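Just one chain follows, in the form predicted on its own, and it is written as structure tokens.
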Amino acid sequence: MSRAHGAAHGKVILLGEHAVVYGAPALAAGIERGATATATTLAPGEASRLVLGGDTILADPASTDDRARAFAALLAEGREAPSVLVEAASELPAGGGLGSSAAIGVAAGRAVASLFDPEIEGESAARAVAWERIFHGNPSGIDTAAAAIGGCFRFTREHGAHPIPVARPLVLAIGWSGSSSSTRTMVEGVARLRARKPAMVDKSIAGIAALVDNAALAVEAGDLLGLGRLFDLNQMILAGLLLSTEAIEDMCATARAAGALGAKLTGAGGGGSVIALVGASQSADEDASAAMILAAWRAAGFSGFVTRVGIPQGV
């Protein structure tokens, strides 16, 4: 019996969600919370299975359960995997826009690939991408990049991830809106809107791309005030694309009133999570400022946590 472990980051998209689908850049970051997995070889001929969230899921490419098909796709990618038990856990809410699916896929892919000695370069990433395709159809790859490398990076579908040096660590309050959404459904919604109003949507995509480029410069310069303003501008465009909700707007307004430098949805929208950029003030350091935002969200009926984004590093 052989055993191997894998881990991965969750993610936030700082700016650029949805526009990245159309080739525009996005600015993303891995966060401290993520997923872990352990892979254990089973007796030859024993059915491979995934234990996740209290459920035991058999690998089955013909199943109606996306998890069973995704697990089968992960095992089928690259070299033939032995019969294997994968036990995975995520600290992230499903459908929360924080990359829970990708983090599980990367962690499980790393654990399975690590059963081989040595691992072929890129095999764990290929397994994670195969997993993600089941859930998201044609994913941009930004979630799996964040899960694998962490840190802060600029991403395009054509060129992948390029790390951005972080002059000052970014302190983010991340809040849960209370409802989840389907990335595929929200992406399809933007596509339908673009079919009806191509000029409006293309103008929005170009505007988001410009915000992303300026945000990358702000991160490199440690300009938190500027970055916060760019968060707010990006949120306005995303709301114009019908991606926001009443809860998301309430959370953004509440965070700003509690001292956030800027706030926006992160991920697909239509529910999920909000990120608020925390800054120190004359009366409070960053930890105290973050605590005030979380307290304001709690008072409004929302939950949240704090994470920091700094120098890129693996898990």
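Everything numeric here is computed off the predicted structure, so don't read it as measured data. Numbering starts at 1 and follows the sequence shown.
Separately, the form predicted together with a small molecule exists; it is not shown, and the next lines address it.
- Using a 4.5 Å heavy atom cutoff, none of 70, 77 and 124 lies near the small molecule in the predicted complex.
- Put simply, of 88, 92, 111, 142 only one has a heavy atom within 4.5 Å of the small molecule in the predicted complex, and it is 142.
- 268 is the sole member of 268, 31, 290, 57 with a non-hydrogen atom lying within 4.5 angstroms of the small molecule in the predicted complex.
- Residues of just one listed stretch (260 to 268, 35 to 43, 59 to 67, 247 to 255) have heavy atoms within 4.5 Å of the small molecule in the predicted complex: 260 to 268.
- At a distance threshold of 4.5 angstroms between non-hydrogen atoms, residue 13 is in contact with the small molecule in the predicted complex.
- Remark: residue 193 does not count among the residues lining the small molecule in the predicted complex, judged by a heavy atom distance of 4.5 Å or less.
- Contact annotation: residue 181 falls outside 4.5 Å of the small molecule in the predicted complex, judged by heavy atom distances.
- Contact check for residue 24: every heavy atom lies farther than 4.5 Å from the small molecule in the predicted complex.
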